[in-house]
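Only one chain is shown below, in structure tokens, and it's the form predicted alone.
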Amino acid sequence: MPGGAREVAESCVDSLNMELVATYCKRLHPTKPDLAGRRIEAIGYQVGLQLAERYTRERPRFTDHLESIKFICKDFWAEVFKKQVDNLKTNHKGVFVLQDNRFRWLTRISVDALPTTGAQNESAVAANAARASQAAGQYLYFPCGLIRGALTNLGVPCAVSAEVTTLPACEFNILVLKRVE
């Protein structure tokens, strides 16, 4: 490792995210999914703050929101997820959409499938897809927190949400908040 850099095995980060979901969504708050999601997102937020501090230590501060978002899409994403974001969209009014067509933390998700035989085949397939998307959504609380924490550290107050399009693809929606002065 060059210059005393420290790294964590990818399997450890995968396991952390899986255990966060199992602990908060299934054991601590099984009847309160919103509370579980907020707790997991808060942990991701703290980690994102620290990672952004580490990854930008040798860089000058960014001058605008777009530079910060581009840093998240390229450098931050490459450090955390070992690839860049596949697509970045914006409406130039403070809304950014980061699209990852093969999000690493969703590639290993599986859900017990409903039987897909007979005349109900199409409805069972649709139900399986809906169940998989719902299950996958629980694993996006932590990365939403990571993104929000990193952007907050870079001076971009924001709200981050995510949606699963088709596994393992997902989109992260970033709404830049107005600063109160």
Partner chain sequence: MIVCVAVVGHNNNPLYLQSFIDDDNTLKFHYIVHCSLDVIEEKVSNSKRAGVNLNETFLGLLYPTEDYKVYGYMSNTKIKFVLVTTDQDSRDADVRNFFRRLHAAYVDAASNPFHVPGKKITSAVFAERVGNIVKSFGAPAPA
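What you see is a predicted model, and the numbers here were worked out from it, not measured in a lab. Positions refer to the first chain, counted from 1.
Another form exists, predicted in complex with its partner chain; not displayed. Remarks below refer to it.
For the options 26, 59, 38, 32, the residue carrying a heavy atom within 4.5 angstroms of its partner chain in the predicted complex is 59. Interface residue among 140, 146, 154, 69 relative to its partner chain in the predicted complex, by the heavy atom within 4.5 Å criterion: 154. Within this chain, residue 54 lines the site of its partner chain in the predicted complex, having a heavy atom no more than 4.5 Å away. Residue contact check for residue 46: one or more of its heavy atoms lie within 4.5 Å of its partner chain in the predicted complex. Residue contact check for residue 134: none of its heavy atoms lie within 4.5 Å of its partner chain in the predicted complex. Its partner chain in the predicted complex is not approached by residue 123, whose heavy atoms all lie more than 4.5 angstroms from it.
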